[in-house]
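Before any questions on binding or motion, here is one chain by itself as structure tokens, the form predicted alone.
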């Protein structure tokens, strides 16, 4: 069965307002070289889905700059390829506020497609998932909808927009927005559904004045449609807050975590040709991810450093995330800090957060 992809770029912007003031959640830098959308797009491409629409809403200039023509994901094609879908469905339209309204705005894209299935994914997660066996199983079960979930300890699930499944013999029997169970089946917001069925459900639900995809589309059709669950066994984490973003970023310093994320398939990103990082005579770097194009004269420990960062002589950077083109002055001392792009920390400054509450510095700030 043929499938096209839909990626939501703005749905969870309010979860990480510090990082989405001037970008989409899809554009949030991660792991020293990636953007969060790289994981969703790579999942599509690695699963041989070569027609992908990215639904935008606001603050998407940096997202468009990152995606370009889609060539870095092999999506610059004459047939299919990457489609940036605008937030309005017609002249005078309004910005969507829910997932269902976002889908309404791309009905033209869906109606003009020829693929049998639609694979929908958010872009606020880090995961590496192959859709090919899921799509195959979807067909074998004669499923109408397949929803991907992960099994989690309830105590480890953060955020306030979660959905949980009760499953019996592979069929989803109920969906709830909270659970008292110690172990829960957490919906990943990855959905496989027939294209024509999706169009019909969108029109039917909106005609009744409803606008919530899970509450007004999925839950009312649990019994009337064949709704199956697929359990994802690999790594999966959502960026539900700034603290969660920091925690997951720090996990990437662990090689076993990186191996788990990348063991099944590659994750692609925009390629930038930069010079190798230059390390000064007295530089010390331990247990850190340092991108290319940096100049390290000081000390970096247990940190993630993006492209083009300069760490001055005598500076000490510990447990930090330093984004692109930041300048850390000489003899500055940073601990548990997240700096957005183009931040300047002057000589001799001392800044500290803590591991459960990192200190965030906004884009372009000079301290």
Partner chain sequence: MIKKKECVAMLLAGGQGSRLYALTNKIAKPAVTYGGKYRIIDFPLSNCANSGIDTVGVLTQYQPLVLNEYIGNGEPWDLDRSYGGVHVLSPYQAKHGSEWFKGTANAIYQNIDFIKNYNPEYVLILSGDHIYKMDYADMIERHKKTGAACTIAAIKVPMEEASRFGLLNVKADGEIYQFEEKPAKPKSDLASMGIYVFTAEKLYKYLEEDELDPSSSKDFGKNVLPAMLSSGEKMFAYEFKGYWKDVGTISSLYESNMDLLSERPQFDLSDNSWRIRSRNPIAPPHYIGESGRVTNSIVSSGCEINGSIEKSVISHDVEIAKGASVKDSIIFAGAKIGENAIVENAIIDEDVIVGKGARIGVSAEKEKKIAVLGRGIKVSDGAVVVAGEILDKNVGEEE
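Residue numbers count along the first chain shown, from 1. On a predicted model such as this, the values are computed, not experimentally measured, just so you know.
Beyond the structure shown, there is the form predicted in complex with the partner chain, which is absent from this document and is the topic of what follows.
With a 4.5 Å cutoff on heavy atoms, residue 275 counts as touching the partner chain in the predicted bound form.
For residue 71, a non-hydrogen atom is located within 4.5 Å of the partner chain in the predicted bound form, even though that partner is not displayed. Taking the partner from the other structure, the partner chain in the predicted bound form has a heavy atom within 4.5 Å of a heavy atom of residue 286. When the partner chain is considered in the predicted bound form, residue 53 lies well away from it, no heavy atom lying within 4.5 Å. Contact check for 139, 154 and 161: none of the three has a heavy atom within 4.5 Å of the partner chain in the predicted bound form. Comparing 256-264, 143-151, 116-124, 102-110 against the partner chain in the predicted bound form, the single stretch with non-hydrogen atoms within 4.5 angstroms of it is 256-264. This chain is drawn without the partner chain; in the predicted bound form, the residue among 280, 234, 86, 133 with a heavy atom within 4.5 Å of it is 280. This chain lacks the partner; the member of 292, 216, 248, 204 within 4.5 angstroms of the partner chain in the predicted bound form by a non-hydrogen atom is 292. Heavy atoms closer than or equal to 4.5 Å to the partner chain in the predicted bound form belong, across 19-49, to the residues 31, 32, 33, 34, ordered by sequence position.
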